[in-house]
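One chain comes next, on its own, written as structure tokens: the form predicted on its own.
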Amino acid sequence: MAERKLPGRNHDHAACMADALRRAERLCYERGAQLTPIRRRVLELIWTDHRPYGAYELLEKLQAERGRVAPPTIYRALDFLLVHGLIHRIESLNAFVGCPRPSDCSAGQFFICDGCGVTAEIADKALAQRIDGAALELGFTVSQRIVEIRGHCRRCHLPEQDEAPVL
């Protein structure tokens, strides 16, 4: 299993972003879907760093570059990117983050730093299977499996968190 870690000081984000865009282009080509210039630019903005972006934050960035852009333009681009698994919606933040594995994104779990906002995705298939098993026992049909874990990354970790809670 690959080492799992949040992006740190030595993270080559230019290479990370280039890989993500290459994967997106290949996936769209294979599916016969069009990664239009607007869709690509929204994906690039989402991949600016490893933190979730809200739709209006993306709209402001796009308007700063291109002038007036209507909100439906962003929402249509986000819908396309979601449908093709190129991004994920972080439900608790009503925001979007890039998917590092768009061809296999059905079992993602997200670690979200409450300090800096950096978000890391893992795909623990065993956890997904346990969730599906519990759902089966309950007679529950799973339509979406999103797990969000909130806390602090190494850079934002607060020393007082090391102490045991007082009950």
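All residue numbers refer to positions in the sequence shown, first residue = 1. Bear in mind the structure is a predicted one, so any value in this text is a computation, not a measurement.
There is also a form predicted together with the DNA; it is not shown, and the following applies to it.
By the 4.5 Å heavy atom rule, the three marked residues Ala55, Arg68 and Pro71 all count as contacting the DNA in the predicted bound form. Picking from 123-131, 109-117, 138-146, 34-42 the stretch near the DNA in the predicted bound form, with a 4.5 Å limit on heavy atoms, gives 34-42. At the 4.5 Å threshold, heavy atoms of Ser92 stay clear of the DNA in the predicted bound form, well away from it.
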